[in-house]
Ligand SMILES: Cc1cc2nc3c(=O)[nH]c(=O)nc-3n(C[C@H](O)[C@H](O)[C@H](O)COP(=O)(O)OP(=O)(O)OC[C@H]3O[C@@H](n4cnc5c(N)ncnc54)[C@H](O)[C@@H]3O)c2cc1C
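Below you'll find only one chain, the form predicted alone, shown as structure tokens.
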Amino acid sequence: MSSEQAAQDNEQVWDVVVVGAGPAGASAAHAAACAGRRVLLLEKAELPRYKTCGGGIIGPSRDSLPPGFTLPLRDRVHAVTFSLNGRLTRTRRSKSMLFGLINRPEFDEGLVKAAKDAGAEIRTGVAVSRVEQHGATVPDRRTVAVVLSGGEVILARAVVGADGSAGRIGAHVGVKLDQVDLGLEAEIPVPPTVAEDWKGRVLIDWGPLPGSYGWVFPKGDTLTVGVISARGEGAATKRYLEDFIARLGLAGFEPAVSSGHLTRCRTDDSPLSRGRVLVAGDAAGLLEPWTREGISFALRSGRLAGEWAARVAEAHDAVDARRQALNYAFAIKAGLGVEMSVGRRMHAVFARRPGLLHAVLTGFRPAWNAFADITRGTTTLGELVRSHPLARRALDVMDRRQAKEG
């Protein structure tokens, strides 16, 4: 093969192809492009597109954004109202902002723009049918074939799957899922008088179903109202949302959007890579099991996936590629994995004793301070349990009670 032909063939192979342009995918594309790699970001929808999501931007999310990124905030939260299935309502306030609220279409579009500005190429309206690491479509062992639904084949040295928990890439990697929950949400336009009442304040309602809760997030002239509960309780979850909206006095307002989605958490032993393919965000089953917060997990895992995919792309053999992929998995498990482990314990306690959690958060100031610190990003759930003996002992006691009752 001539040097000219080799250069042409190399030009046809992307260093990194990212599938899915949500927060995880856009962050991965941005990180890989910043590392100097040729990056292609694929998205099946046209942007901007709606995504079912509360849109809360907590501290870890803010700290994981691309440099210079301006958050398109719709509101800044300084107060949280807690209730226990509509009862025992109490509001906690903070002088400094706890977290911000965004609309996902604007937020995701901004992240994609940041990836493009960093050098990534974007293609929308293209669906991936499968990836192949062996066979006739793959010219050599350093290459992954990304096959589009129309039959087009895109070649890459590394692939990042960020196409959601039901996407093609997670299935290829063999992601194993554990906790699956159903979230239902309504975007409700409200008049100025109602919007003003909610400005700067969110509501969190611990729900009637085990492990369920509801929320109200204000975003200017619209309230994002939703509930989440375990999959398999679809009818009861729908009733909870209807009752929740009625109880709030919002039943007379027509939702602009009503939607639902499933959140899926990975098992502890679920793979995060296969060959030269890595997964991040929802595609990897990465989210906090108690609150089901996923944006910060998507941003953080996406950035790590992009950084390690850039290294995988440079690997000259399967052994080196495997080493880089294992380093990515270690980075995920050492950080987000620890948070997920604590979140699972919190979810188990919360599912059985929501009243206890409500009493602690509303009546015990150190617990509220910890909640505020987590939302601001000065600590994480994992760091809190690891570094505060009182928090660790309290969770251990609740674990033992859970075991006895179970």
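The numbering used is simple: start at 1 and walk along the sequence shown. Quick caveat, the model's predicted, so the values are computed rather than measured.
This next part talks about the form predicted in complex with the ligand, which is not shown.
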Students should find that, of R300, H172, R142, R292, the residue having a non-hydrogen atom no more than 4.5 angstroms from the ligand in the model of the complex is R292
Heavy atom within 4.5 Å of the ligand in the model of the complex: which of I332, A325, A310, V128 fits that? Just give me the one.
-> V128
Triplet F82, G214 and L357 all within 4.5 Å of the ligand in the model of the complex via a heavy atom | no
Contact stretch among 269 to 277, 187 to 195, 255 to 263, 89 to 97 - heavy atom within 4.5 Å of the ligand in the model of the complex = 255 to 263
Do L287 and the ligand share at least one heavy atom pair within 4.5 Å in the model of the complex?
-> yes
Looking at the partner-bound form in the model of the complex, is C53 within 4.5 Å of the ligand by any heavy atom?
-> yes
Any of the heavy atoms of R104 lying within 4.5 Å of the ligand in the model of the complex?
-> yes
Taking 4.5 angstroms as the cut-off for heavy atoms, does L42 touch the ligand in the model of the complex?
-> yes
Counting only heavy atoms, which residues in 137 to 164 are within 4.5 Å of the ligand in the model of the complex?
-> A162, D163, G164
